[in-house]
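Okay, so here's just one chain, in structure tokens, the form predicted on its own.
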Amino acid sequence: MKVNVHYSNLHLDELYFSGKTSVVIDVLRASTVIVTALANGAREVIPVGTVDFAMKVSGNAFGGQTILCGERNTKKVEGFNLGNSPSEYKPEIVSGKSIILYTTNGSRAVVKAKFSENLFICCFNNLPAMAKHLLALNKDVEIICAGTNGNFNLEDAVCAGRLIKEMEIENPDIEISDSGKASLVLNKDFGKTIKKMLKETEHGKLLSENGFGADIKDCAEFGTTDLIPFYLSGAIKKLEAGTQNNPVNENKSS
């Protein structure tokens, strides 16, 4: 079992992920929002790569069962129902609903990896459960850091390193790529206090400057849920307990 980390996905073709087991990380804040929404009863999260496509998908919705959500450059897109703060995704708002999600980095990373055989979403909230699930699958893993505007960011790299560390504790024999080893070093150096690390990152500072400092606390919570979000047929859903593998993707368009 080999674990590899990508600090950006811009250089990768969508078909690179065909047949692979992939994990998308966007700590601040898309992957945390996805985990939160599903944990609070959302039926599914539909990730999209552009605002225009988000509007198009929502235009086909009916019955008030779909919520248009997300951000552009940290702030809620005009006309959207919700932004990208985990605290917005309360049970009374999202329970039973389909969430159409566009974000500057996270949703686009998921769309890029849509041809993966297995595609999961990870943040600090569900990291221990994600590590256990990946070990149970026992397949090579591609960890995709959403980054910031196509560039490296520290928070996603540290989260990737913590995920690998949790896996390595249970299975010291896993093979780790050079980029994976680098993420382990970053986690060792910067991951001791997650909240402090997030506050001091470039994106964390930007969120605070734009009035979203409270989101950092939510994104820093570690191991608060066993929920595993998985991508299937254009939507991210909650992996049911006891399921080792999600069904084969049949419709991977997004």
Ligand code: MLT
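Nothing here was measured: the structure is a model prediction, and the numbers come from that model. Note that residue numbering follows the sequence shown and begins at 1.
A second form of this protein, the form predicted in complex with the named molecule, is not displayed here; the remarks below concern that form.
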TODO: Just give me the single entry in S98, N81, T104, S179 that has a non-hydrogen atom within 4.5 angstroms of the named molecule in the model of the complex.
DONE: T104
TODO: Verify the contact flag for E142: yes if a non-hydrogen atom of it lies within 4.5 Å of a non-hydrogen atom of the named molecule in the model of the complex, no if not.
DONE: no
Task: is_contact(L68, the named molecule) in the model of the complex, heavy atom dist at most 4.5 Å - done: no
TODO: Classify I216 as contacting or not contacting the named molecule in the model of the complex by the rule of any non-hydrogen atom within 4.5 angstroms, answering yes or no.
DONE: no
- [ ] Look up in the model of the complex whether L207 has a non-hydrogen atom within 4.5 angstroms of the named molecule, and give yes or no.
- [x] yes
Task: Contact stretch among 70-78, 117-125, 88-96, 131-139 - heavy atom within 4.5 Å of the named molecule in the model of the complex - done: 70-78
Task: Neighbours of the named molecule in the model of the complex among 1-39 [non-hydrogen atom within 4.5 angstroms] - done: D26, L28, R29, A30
